[in-house]
Every structure is written in structure tokens, then in C-alpha cells.
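Taken one at a time, structure 1 and structure 2 that follow are two forms of one protein chain, written as C-alpha cells.
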Structure 1
């Protein structure tokens, strides 16, 4: 395990877990912010793993995750808009 993989693990534990807790226990707007932040952190984790494992395909995966997390957040906003 090198420093890149260790940084990815720390980022998952220190970033994704709190976002998950906020999205489960917070309001709809707090959940939206947690969803957006979780998407950004996930893309960064894949970039760190790409560098740690020297795999170019993880960079492509991180790019697609960043785009799709934005689209998912827009769908979430559309759903919440109907609830209000």
C-alpha cells in the first residue's frame, strides 16, 4: 500500500461517512449538499486510486462519476421539488 491508496482510504473514512450520516439524518437541502459533496469526494478517491494503482481506467471512471453525480443531484432536486 502506497501513500496514494492510504490517502484514498482516509478520504473515504473522513469524507464519505459524514456525508452519508448527514444525508440520512438531515433535511432535504442538507441531503442535497451531502450528495454533491459525496460525488466530489468519490471522484477524488478514484483519482487517488488511479495514481496509486497506475490504472488509467480509474481516471475515466472518476470523470464519469463527476458528471453523473451532477445529473443525479439534478434528479434529486426535481424529486424534492415535487414533494414541497
Structure 2
């Protein structure tokens, strides 16, 4: 395990776990914000892991996640703004 992977683990535990907790406990809107933040943090973790595995060609995944989580969030927002 190198520093990149260690940083990824720290980011998962310190970043995505709180997002999971908030999406469980909070209101729908808070959960949505947590999901968005989780998407951003996951993209960062993908970057760190691609670096940590020494496979830089896998940064595509982070790029895709960054773009797609925005589109997915838009779907949620358009629903939540009408229903809540």
C-alpha cells in the first residue's frame, strides 16, 4: 500500500461514510446534497486509486463519474423541487 491508496482509504472513511450517514438520517434534500458530495469525493478517490495502482489511464472513470453524477443529480432535483 502506498500513500495514494492510504489517502484514498482515509477519504472513503472520512468523506463517503458521513455522506452515507446523512443520506440515512437527514431529510431528502440533505440526503441529495450528501449524494452529490459523495459523487465528488468518489471521483477524487478514483483519481487517487488510479495513481496508487500506477494505472493513469483509469482516470477516465473519475471523469465519467464527475459528469454523470451531475446529470443524475439534476434528475433528482427536478423531482424534489416539485414534490417537496
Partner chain sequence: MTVLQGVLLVLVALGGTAVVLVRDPLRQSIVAGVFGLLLGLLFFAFQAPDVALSQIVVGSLALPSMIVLTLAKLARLQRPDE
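Residue numbers count along the first chain shown, from 1. So that the term is clear: the rigid core is the largest set of C-alpha atoms that superpose within 1.5 Å between two forms. Being a predicted model, the structure only gives us computed values, none of them experimental.
The second of the two structures is the form predicted together with its partner chain. For residue 27, a C-alpha deviation below 2 angstroms is recorded between structures 1 and 2 after rigid-core alignment. When the core is overlaid, the C-alpha of residue 57 ends up 3.4 Å from its other position between structures 1 and 2.
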